[in-house]
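Encoded as C-alpha coordinates, the following chain is the form predicted on its own, with no partner shown.
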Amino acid sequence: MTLAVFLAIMALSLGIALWSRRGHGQQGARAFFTASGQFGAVLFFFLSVGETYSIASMLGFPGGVYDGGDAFVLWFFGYILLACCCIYFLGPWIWRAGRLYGSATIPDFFRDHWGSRPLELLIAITSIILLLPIGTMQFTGLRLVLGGLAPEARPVLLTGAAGLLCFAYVVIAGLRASAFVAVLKDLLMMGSILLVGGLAIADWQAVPAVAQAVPAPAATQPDMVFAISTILLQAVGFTMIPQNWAFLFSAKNPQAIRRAQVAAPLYMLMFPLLMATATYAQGHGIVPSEPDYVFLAVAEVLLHPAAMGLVMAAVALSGLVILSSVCLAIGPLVTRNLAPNLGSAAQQRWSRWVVAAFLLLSLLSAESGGTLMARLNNLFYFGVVQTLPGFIAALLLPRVPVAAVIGGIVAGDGLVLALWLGNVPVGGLNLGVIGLAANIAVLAGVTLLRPRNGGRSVVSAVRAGEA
(Lines give C-alpha, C1' and ligand atoms only; values in the text may rest on other atoms or scores of the structure.)
Protein backbone atom coordinates (compact mmCIF):
# COMPACT_ATOMS: atom_id res chain seq x y z
CA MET A 1 0.00 0.00 0.00
CA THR A 2 2.81 2.42 0.89
CA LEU A 3 4.60 1.83 -2.42
CA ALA A 4 1.37 2.12 -4.44
CA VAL A 5 0.51 5.52 -2.94
CA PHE A 6 4.09 6.72 -3.40
CA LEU A 7 4.14 5.74 -7.08
CA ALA A 8 0.72 7.32 -7.67
CA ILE A 9 1.93 10.65 -6.31
CA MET A 10 5.12 10.49 -8.37
CA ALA A 11 2.96 9.86 -11.46
CA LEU A 12 0.75 12.80 -10.47
CA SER A 13 3.81 15.07 -10.24
CA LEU A 14 4.84 14.05 -13.74
CA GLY A 15 1.32 14.76 -14.98
CA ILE A 16 1.45 18.22 -13.38
CA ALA A 17 4.77 18.91 -15.11
CA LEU A 18 3.19 17.98 -18.45
CA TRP A 19 0.15 20.15 -17.70
CA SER A 20 2.40 23.13 -16.88
CA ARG A 21 3.60 23.07 -20.49
CA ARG A 22 0.08 23.84 -21.72
CA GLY A 23 0.17 26.98 -23.86
CA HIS A 24 3.96 27.20 -23.64
CA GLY A 25 5.10 24.47 -26.02
CA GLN A 26 7.56 26.70 -27.86
CA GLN A 27 9.67 28.46 -25.23
CA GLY A 28 12.74 30.57 -25.85
CA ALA A 29 15.82 30.09 -23.68
CA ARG A 30 14.93 32.86 -21.23
CA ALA A 31 11.38 31.54 -20.89
CA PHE A 32 12.72 28.01 -20.34
CA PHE A 33 15.13 29.10 -17.59
CA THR A 34 13.18 31.95 -15.92
CA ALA A 35 9.59 31.73 -17.27
CA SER A 36 10.14 35.24 -18.72
CA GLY A 37 8.78 36.95 -15.63
CA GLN A 38 5.27 35.49 -15.94
CA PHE A 39 4.64 34.22 -12.39
CA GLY A 40 2.21 36.08 -10.16
CA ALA A 41 2.40 36.26 -6.38
CA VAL A 42 0.89 32.82 -5.65
CA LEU A 43 2.96 30.75 -8.08
CA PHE A 44 6.09 32.76 -7.30
CA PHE A 45 5.48 32.11 -3.60
CA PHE A 46 5.46 28.34 -4.03
CA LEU A 47 8.47 28.43 -6.35
CA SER A 48 10.77 30.72 -4.40
CA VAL A 49 9.69 30.57 -0.77
CA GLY A 50 8.59 26.95 -0.82
CA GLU A 51 11.84 25.81 -2.40
CA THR A 52 13.75 27.21 0.56
CA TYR A 53 12.62 24.11 2.44
CA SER A 54 14.18 21.05 0.88
CA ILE A 55 14.72 17.47 1.95
CA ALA A 56 17.18 18.85 4.51
CA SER A 57 14.28 20.60 6.26
CA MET A 58 12.08 17.51 6.54
CA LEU A 59 14.88 15.08 7.44
CA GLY A 60 17.91 17.10 8.56
CA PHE A 61 16.11 19.46 10.95
CA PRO A 62 14.41 16.82 13.15
CA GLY A 63 17.56 14.72 12.83
CA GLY A 64 19.57 17.59 14.27
CA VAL A 65 17.09 18.01 17.14
CA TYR A 66 17.11 14.26 17.84
CA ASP A 67 20.91 14.28 17.91
CA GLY A 68 21.00 17.08 20.49
CA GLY A 69 21.58 19.98 18.12
CA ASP A 70 20.05 22.87 20.09
CA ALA A 71 22.51 25.33 18.54
CA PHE A 72 21.45 24.09 15.09
CA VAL A 73 17.83 24.96 15.87
CA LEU A 74 18.69 28.53 16.90
CA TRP A 75 20.87 29.01 13.82
CA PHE A 76 18.18 27.71 11.45
CA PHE A 77 15.41 29.92 12.84
CA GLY A 78 17.58 33.04 12.85
CA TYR A 79 18.95 32.49 9.36
CA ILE A 80 15.61 31.74 7.69
CA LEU A 81 13.76 34.69 9.24
CA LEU A 82 16.53 37.18 8.47
CA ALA A 83 16.85 35.83 4.90
CA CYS A 84 13.17 36.72 4.30
CA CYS A 85 13.94 40.33 5.25
CA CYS A 86 16.97 40.44 2.94
CA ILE A 87 14.98 39.13 -0.03
CA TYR A 88 12.14 41.53 0.76
CA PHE A 89 14.45 44.52 0.29
CA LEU A 90 17.01 43.24 -2.26
CA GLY A 91 14.77 40.90 -4.28
CA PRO A 92 12.86 43.65 -6.13
CA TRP A 93 16.13 45.32 -7.09
CA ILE A 94 17.51 42.03 -8.41
CA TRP A 95 14.32 41.75 -10.49
CA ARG A 96 14.77 45.31 -11.81
CA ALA A 97 18.43 44.67 -12.59
CA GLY A 98 17.50 41.56 -14.55
CA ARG A 99 14.76 43.40 -16.43
CA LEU A 100 17.19 46.24 -17.25
CA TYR A 101 19.63 43.91 -19.03
CA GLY A 102 17.37 41.00 -19.99
CA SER A 103 19.38 38.68 -17.72
CA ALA A 104 18.71 35.00 -17.06
CA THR A 105 21.68 34.33 -14.73
CA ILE A 106 23.91 36.20 -12.28
CA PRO A 107 26.86 36.26 -14.75
CA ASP A 108 24.54 37.71 -17.43
CA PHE A 109 23.91 40.74 -15.26
CA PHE A 110 27.54 41.32 -14.20
CA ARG A 111 28.77 40.91 -17.79
CA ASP A 112 26.29 43.41 -19.21
CA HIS A 113 26.59 45.96 -16.43
CA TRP A 114 30.38 46.16 -16.65
CA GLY A 115 30.82 44.89 -20.21
CA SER A 116 33.34 42.32 -18.98
CA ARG A 117 33.74 38.78 -20.27
CA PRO A 118 36.39 37.88 -17.60
CA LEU A 119 33.97 38.89 -14.82
CA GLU A 120 31.26 36.79 -16.43
CA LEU A 121 33.56 33.74 -16.55
CA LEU A 122 34.76 34.22 -12.97
CA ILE A 123 31.22 34.33 -11.55
CA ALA A 124 29.96 31.50 -13.79
CA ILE A 125 32.79 29.11 -12.88
CA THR A 126 32.56 29.96 -9.17
CA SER A 127 28.78 29.46 -9.20
CA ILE A 128 29.02 26.07 -10.90
CA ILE A 129 31.63 24.83 -8.40
CA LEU A 130 29.51 25.98 -5.47
CA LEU A 131 26.31 24.41 -6.83
CA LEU A 132 27.79 20.96 -7.52
CA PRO A 133 27.56 19.68 -3.90
CA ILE A 134 23.85 20.55 -3.64
CA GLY A 135 22.97 17.78 -6.08
CA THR A 136 24.91 15.27 -4.00
CA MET A 137 23.16 16.37 -0.82
CA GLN A 138 19.71 15.93 -2.40
CA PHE A 139 20.57 12.46 -3.75
CA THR A 140 21.93 11.48 -0.32
CA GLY A 141 18.57 12.37 1.21
CA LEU A 142 16.66 10.62 -1.58
CA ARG A 143 18.78 7.52 -1.05
CA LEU A 144 17.74 7.46 2.60
CA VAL A 145 14.03 7.84 1.79
CA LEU A 146 13.90 5.40 -1.10
CA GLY A 147 15.96 2.85 0.83
CA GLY A 148 13.26 2.85 3.52
CA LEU A 149 10.55 2.52 0.87
CA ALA A 150 12.10 -0.50 -0.87
CA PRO A 151 14.93 -1.89 1.31
CA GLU A 152 15.35 -4.97 -0.87
CA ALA A 153 16.16 -2.95 -4.01
CA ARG A 154 19.62 -1.72 -4.97
CA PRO A 155 19.93 1.93 -3.86
CA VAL A 156 21.54 3.05 -7.11
CA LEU A 157 18.50 1.85 -9.09
CA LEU A 158 16.14 3.81 -6.85
CA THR A 159 18.14 7.03 -6.95
CA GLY A 160 18.64 6.54 -10.68
CA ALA A 161 14.88 6.42 -11.16
CA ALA A 162 14.55 9.59 -9.06
CA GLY A 163 17.18 11.26 -11.24
CA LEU A 164 15.25 10.34 -14.39
CA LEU A 165 12.07 11.85 -12.93
CA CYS A 166 13.93 15.06 -12.10
CA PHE A 167 15.36 15.15 -15.61
CA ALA A 168 11.83 14.77 -16.98
CA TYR A 169 10.66 17.81 -15.01
CA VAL A 170 13.46 19.90 -16.51
CA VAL A 171 13.02 18.71 -20.10
CA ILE A 172 9.24 18.98 -20.15
CA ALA A 173 8.80 22.66 -19.29
CA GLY A 174 11.88 24.11 -17.60
CA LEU A 175 11.20 26.39 -14.65
CA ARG A 176 7.44 26.23 -15.22
CA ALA A 177 7.44 22.51 -14.40
CA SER A 178 9.45 23.09 -11.21
CA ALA A 179 7.04 25.82 -10.11
CA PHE A 180 3.89 23.74 -10.62
CA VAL A 181 5.35 20.60 -9.04
CA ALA A 182 6.51 22.81 -6.14
CA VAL A 183 2.85 23.52 -5.36
CA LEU A 184 2.15 19.78 -4.99
CA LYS A 185 5.36 19.34 -2.99
CA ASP A 186 4.51 22.09 -0.53
CA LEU A 187 0.94 20.92 0.03
CA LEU A 188 2.12 17.37 0.69
CA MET A 189 5.05 18.54 2.82
CA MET A 190 2.98 20.76 5.10
CA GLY A 191 0.19 18.16 5.26
CA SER A 192 2.65 15.41 6.21
CA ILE A 193 4.32 17.49 8.92
CA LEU A 194 0.97 18.57 10.36
CA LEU A 195 -0.22 14.96 10.37
CA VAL A 196 2.86 13.34 11.92
CA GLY A 197 3.58 16.20 14.33
CA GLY A 198 -0.08 16.44 15.34
CA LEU A 199 -0.32 12.71 16.07
CA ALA A 200 2.92 12.86 18.08
CA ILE A 201 1.52 15.71 20.20
CA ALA A 202 -1.81 13.89 20.63
CA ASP A 203 0.07 10.88 22.05
CA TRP A 204 2.33 13.09 24.17
CA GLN A 205 1.08 11.83 27.56
CA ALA A 206 3.17 8.70 27.16
CA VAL A 207 6.45 10.63 26.95
CA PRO A 208 8.42 10.24 30.20
CA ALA A 209 9.27 13.53 31.89
CA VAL A 210 12.91 12.48 32.10
CA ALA A 211 13.13 12.71 28.31
CA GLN A 212 12.71 16.46 28.61
CA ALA A 213 14.97 17.00 31.62
CA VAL A 214 18.41 16.96 29.96
CA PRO A 215 20.01 20.39 30.50
CA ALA A 216 21.47 22.09 27.45
CA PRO A 217 25.23 22.76 27.61
CA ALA A 218 26.21 26.38 28.14
CA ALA A 219 27.27 28.14 24.95
CA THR A 220 30.86 29.37 24.84
CA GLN A 221 31.84 32.75 23.43
CA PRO A 222 33.33 31.23 20.20
CA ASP A 223 30.10 29.27 19.71
CA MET A 224 28.01 32.43 20.00
CA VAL A 225 30.33 34.39 17.72
CA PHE A 226 30.13 31.65 15.10
CA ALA A 227 26.33 31.34 15.38
CA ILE A 228 25.67 35.07 15.03
CA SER A 229 28.20 35.61 12.23
CA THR A 230 26.86 32.57 10.38
CA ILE A 231 23.24 33.74 10.66
CA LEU A 232 24.19 37.16 9.25
CA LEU A 233 26.39 35.76 6.49
CA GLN A 234 23.93 33.16 5.27
CA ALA A 235 20.96 35.52 5.40
CA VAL A 236 22.64 38.05 3.08
CA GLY A 237 24.26 35.26 1.05
CA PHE A 238 20.83 33.76 0.43
CA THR A 239 20.10 36.66 -1.92
CA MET A 240 23.05 35.70 -4.13
CA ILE A 241 22.30 31.99 -4.64
CA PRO A 242 22.18 31.39 -8.43
CA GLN A 243 18.83 29.57 -8.54
CA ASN A 244 17.27 32.26 -6.35
CA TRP A 245 18.07 34.82 -9.06
CA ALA A 246 16.23 32.64 -11.59
CA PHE A 247 13.24 32.53 -9.23
CA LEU A 248 13.31 36.31 -8.80
CA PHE A 249 13.52 36.84 -12.57
CA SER A 250 10.40 34.65 -12.93
CA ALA A 251 8.24 37.07 -10.91
CA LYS A 252 5.75 39.21 -12.80
CA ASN A 253 6.65 42.33 -10.83
CA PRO A 254 8.48 43.45 -7.66
CA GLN A 255 5.23 43.43 -5.68
CA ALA A 256 4.92 39.66 -6.18
CA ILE A 257 8.34 39.25 -4.57
CA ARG A 258 7.45 41.38 -1.55
CA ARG A 259 4.10 39.66 -1.02
CA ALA A 260 5.77 36.26 -1.06
CA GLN A 261 8.29 37.31 1.60
CA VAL A 262 5.55 38.71 3.84
CA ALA A 263 3.84 35.30 3.82
CA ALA A 264 7.08 33.30 4.01
CA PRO A 265 7.25 33.03 7.85
CA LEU A 266 4.06 30.92 7.73
CA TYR A 267 6.31 28.03 6.72
CA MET A 268 8.01 28.26 10.12
CA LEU A 269 4.94 26.50 11.55
CA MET A 270 6.51 23.22 10.47
CA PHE A 271 9.55 23.48 12.71
CA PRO A 272 7.88 23.24 16.16
CA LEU A 273 6.04 20.18 14.82
CA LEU A 274 9.29 18.66 13.54
CA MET A 275 10.86 19.34 16.95
CA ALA A 276 7.90 17.65 18.63
CA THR A 277 8.37 14.64 16.35
CA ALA A 278 12.05 14.30 17.29
CA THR A 279 11.28 14.66 21.00
CA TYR A 280 8.51 12.06 20.69
CA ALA A 281 11.02 9.62 19.24
CA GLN A 282 13.38 10.22 22.16
CA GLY A 283 10.63 9.71 24.73
CA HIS A 284 9.20 6.56 23.13
CA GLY A 285 12.46 4.76 22.50
CA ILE A 286 12.19 5.03 18.72
CA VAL A 287 15.74 4.56 17.44
CA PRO A 288 16.15 5.37 13.72
CA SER A 289 18.86 3.79 11.60
CA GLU A 290 20.47 7.25 11.56
CA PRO A 291 19.36 10.59 13.04
CA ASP A 292 18.13 12.00 9.72
CA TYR A 293 15.60 9.16 9.46
CA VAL A 294 13.85 10.07 12.73
CA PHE A 295 10.88 11.83 11.10
CA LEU A 296 10.16 8.84 8.88
CA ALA A 297 10.72 6.43 11.77
CA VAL A 298 8.05 8.20 13.84
CA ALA A 299 5.72 8.31 10.83
CA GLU A 300 6.07 4.53 10.41
CA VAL A 301 4.96 4.04 14.01
CA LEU A 302 2.00 6.44 13.91
CA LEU A 303 0.58 6.18 10.39
CA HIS A 304 -1.39 3.74 8.25
CA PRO A 305 0.71 2.37 5.34
CA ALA A 306 -1.27 4.44 2.81
CA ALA A 307 -0.56 7.65 4.72
CA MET A 308 3.06 6.56 5.00
CA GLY A 309 3.24 6.48 1.21
CA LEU A 310 2.04 10.08 1.13
CA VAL A 311 4.73 11.14 3.62
CA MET A 312 7.44 9.32 1.67
CA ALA A 313 6.31 11.06 -1.51
CA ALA A 314 6.36 14.46 0.19
CA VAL A 315 9.95 13.96 1.36
CA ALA A 316 11.06 12.67 -2.05
CA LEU A 317 9.44 15.60 -3.87
CA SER A 318 11.10 18.05 -1.48
CA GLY A 319 14.42 16.76 -2.78
CA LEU A 320 13.42 16.43 -6.43
CA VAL A 321 12.03 19.95 -6.77
CA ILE A 322 15.17 21.51 -5.30
CA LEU A 323 17.28 19.26 -7.52
CA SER A 324 15.40 20.39 -10.63
CA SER A 325 15.90 24.06 -9.73
CA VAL A 326 19.64 23.54 -9.32
CA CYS A 327 19.69 21.80 -12.70
CA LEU A 328 17.97 24.82 -14.24
CA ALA A 329 20.58 27.09 -12.64
CA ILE A 330 23.61 25.10 -13.80
CA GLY A 331 22.33 24.56 -17.36
CA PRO A 332 22.37 28.23 -18.43
CA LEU A 333 25.58 28.94 -16.50
CA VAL A 334 27.26 26.56 -18.95
CA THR A 335 25.34 27.21 -22.17
CA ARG A 336 24.88 30.99 -21.79
CA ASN A 337 28.00 32.01 -19.88
CA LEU A 338 30.78 29.47 -20.39
CA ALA A 339 29.81 28.83 -24.02
CA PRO A 340 28.52 32.15 -25.37
CA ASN A 341 26.98 32.92 -28.76
CA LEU A 342 24.70 29.88 -28.74
CA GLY A 343 21.22 30.49 -30.13
CA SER A 344 18.10 30.02 -28.03
CA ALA A 345 17.35 26.52 -29.34
CA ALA A 346 20.99 25.45 -28.93
CA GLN A 347 21.04 26.71 -25.35
CA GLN A 348 18.06 24.56 -24.45
CA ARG A 349 19.40 21.52 -26.32
CA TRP A 350 22.87 21.64 -24.76
CA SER A 351 21.44 22.47 -21.33
CA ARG A 352 19.72 19.08 -21.35
CA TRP A 353 23.09 17.39 -21.77
CA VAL A 354 24.57 19.54 -19.00
CA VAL A 355 21.68 18.65 -16.69
CA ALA A 356 22.05 14.94 -17.47
CA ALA A 357 25.78 15.11 -16.70
CA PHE A 358 25.15 17.02 -13.46
CA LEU A 359 22.56 14.51 -12.28
CA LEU A 360 24.82 11.56 -13.09
CA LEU A 361 27.78 13.15 -11.30
CA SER A 362 25.64 13.96 -8.24
CA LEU A 363 24.20 10.44 -8.13
CA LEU A 364 27.63 8.80 -8.34
CA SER A 365 29.00 11.14 -5.69
CA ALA A 366 26.13 10.28 -3.34
CA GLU A 367 26.67 6.54 -3.94
CA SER A 368 30.37 6.88 -3.12
CA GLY A 369 29.70 8.65 0.15
CA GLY A 370 30.05 12.19 -1.22
CA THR A 371 33.10 12.99 0.93
CA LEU A 372 34.57 15.53 -1.49
CA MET A 373 31.19 17.09 -2.18
CA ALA A 374 30.44 17.33 1.54
CA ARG A 375 33.69 19.27 2.02
CA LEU A 376 32.86 21.54 -0.90
CA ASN A 377 29.41 22.10 0.56
CA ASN A 378 31.07 23.78 3.55
CA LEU A 379 32.31 26.46 1.16
CA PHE A 380 28.90 27.21 -0.37
CA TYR A 381 27.93 30.28 1.62
CA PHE A 382 31.57 31.32 2.02
CA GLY A 383 31.76 31.68 -1.76
CA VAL A 384 28.24 32.57 -2.88
CA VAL A 385 28.15 35.76 -0.77
CA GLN A 386 31.25 37.17 -2.51
CA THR A 387 29.14 38.55 -5.38
CA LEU A 388 27.13 40.72 -2.96
CA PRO A 389 29.56 43.68 -2.77
CA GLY A 390 29.69 43.82 -6.57
CA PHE A 391 25.91 43.79 -6.81
CA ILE A 392 25.54 46.57 -4.23
CA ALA A 393 28.16 48.55 -6.15
CA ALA A 394 26.20 48.03 -9.39
CA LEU A 395 23.04 49.26 -7.67
CA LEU A 396 24.47 52.42 -6.11
CA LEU A 397 28.05 53.24 -7.13
CA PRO A 398 28.65 54.06 -10.82
CA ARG A 399 32.36 54.82 -10.21
CA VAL A 400 33.30 51.25 -9.26
CA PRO A 401 35.43 49.71 -12.06
CA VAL A 402 35.30 46.08 -13.13
CA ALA A 403 38.85 45.51 -11.81
CA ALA A 404 37.59 46.34 -8.30
CA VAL A 405 34.79 43.76 -8.53
CA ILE A 406 37.06 41.03 -9.89
CA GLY A 407 39.78 41.83 -7.35
CA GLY A 408 37.30 41.77 -4.49
CA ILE A 409 35.85 38.39 -5.46
CA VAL A 410 39.29 36.83 -5.97
CA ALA A 411 40.56 38.26 -2.66
CA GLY A 412 37.49 37.11 -0.74
CA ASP A 413 37.44 33.60 -2.19
CA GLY A 414 41.21 33.23 -1.92
CA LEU A 415 41.38 34.29 1.74
CA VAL A 416 38.50 32.01 2.74
CA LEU A 417 40.08 29.06 0.94
CA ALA A 418 43.48 29.69 2.55
CA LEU A 419 42.00 29.96 6.05
CA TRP A 420 39.82 26.89 5.52
CA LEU A 421 42.56 24.66 4.12
CA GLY A 422 45.04 25.87 6.73
CA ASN A 423 42.53 25.37 9.56
CA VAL A 424 43.52 28.79 10.90
CA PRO A 425 41.82 29.75 14.22
CA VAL A 426 39.75 32.95 13.87
CA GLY A 427 38.11 33.18 17.30
CA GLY A 428 34.91 31.46 16.22
CA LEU A 429 34.11 33.97 13.47
CA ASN A 430 32.60 32.51 10.29
CA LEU A 431 35.29 32.46 7.59
CA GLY A 432 32.88 33.89 5.06
CA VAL A 433 32.61 37.12 7.05
CA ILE A 434 36.40 37.52 6.92
CA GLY A 435 36.38 36.88 3.17
CA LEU A 436 33.55 39.37 2.71
CA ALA A 437 35.48 42.03 4.63
CA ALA A 438 38.54 41.45 2.42
CA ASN A 439 36.34 41.64 -0.67
CA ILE A 440 34.88 45.00 0.37
CA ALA A 441 38.31 46.37 1.29
CA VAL A 442 39.81 45.48 -2.10
CA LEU A 443 36.76 46.79 -3.98
CA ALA A 444 36.94 50.11 -2.11
CA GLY A 445 40.72 50.42 -2.48
CA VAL A 446 40.79 49.78 -6.22
CA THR A 447 37.87 52.16 -6.74
CA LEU A 448 39.68 54.96 -4.92
CA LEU A 449 42.84 54.38 -6.97
CA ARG A 450 41.21 53.87 -10.38
CA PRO A 451 37.59 55.05 -10.42
CA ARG A 452 35.43 54.21 -13.40
CA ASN A 453 34.55 56.92 -15.87
CA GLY A 454 31.18 57.11 -17.59
CA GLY A 455 29.48 54.42 -15.57
CA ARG A 456 25.91 54.34 -14.36
CA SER A 457 24.16 52.66 -11.46
CA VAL A 458 21.14 50.37 -11.73
CA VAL A 459 19.16 52.66 -9.44
CA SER A 460 19.79 55.69 -11.67
CA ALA A 461 18.91 53.71 -14.82
CA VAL A 462 15.65 52.46 -13.27
CA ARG A 463 14.70 55.93 -12.10
CA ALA A 464 15.39 57.20 -15.60
CA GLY A 465 12.75 54.80 -16.83
CA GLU A 466 15.04 52.29 -18.55
CA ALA A 467 13.56 49.31 -16.70
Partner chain sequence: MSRLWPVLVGLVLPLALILASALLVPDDAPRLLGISLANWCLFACAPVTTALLAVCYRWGPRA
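Residue numbers count along the first chain shown, from 1. The shown structure was predicted, so the numbers you read here are calculated from the model rather than taken from an experiment.
The following text describes the form predicted together with its partner chain, which does not appear among the structures shown.
Looking at 173-181, 323-331, 247-255, 386-394, the stretch with residues near its partner chain in the predicted bound form, meaning non-hydrogen atoms within 4.5 angstroms, turns out to be 247-255. Screening 364, 81, 153, 121 for any heavy atom within 4.5 Å of its partner chain in the predicted bound form leaves a single hit, 81. 275 is the sole member of 158, 165, 275, 188 with a non-hydrogen atom within 4.5 Å of its partner chain in the predicted bound form. Against its partner chain in the predicted bound form, the set 89, 204 and 279 is in full contact: each member has a heavy atom within 4.5 Å. At a distance threshold of 4.5 angstroms between non-hydrogen atoms, residue 380 is out of contact with its partner chain in the predicted bound form. Within this chain, residue 77 lines the site of its partner chain in the predicted bound form, having a heavy atom no more than 4.5 Å away.
At the 4.5 Å threshold, heavy atoms of residue 261 reach its partner chain in the predicted bound form.
Contact between residue 143 and its partner chain in the predicted bound form is not found at the 4.5 Å heavy atom cutoff.
Along 156-190, no residue reaches a heavy atom to within 4.5 Å of its partner chain in the predicted bound form.
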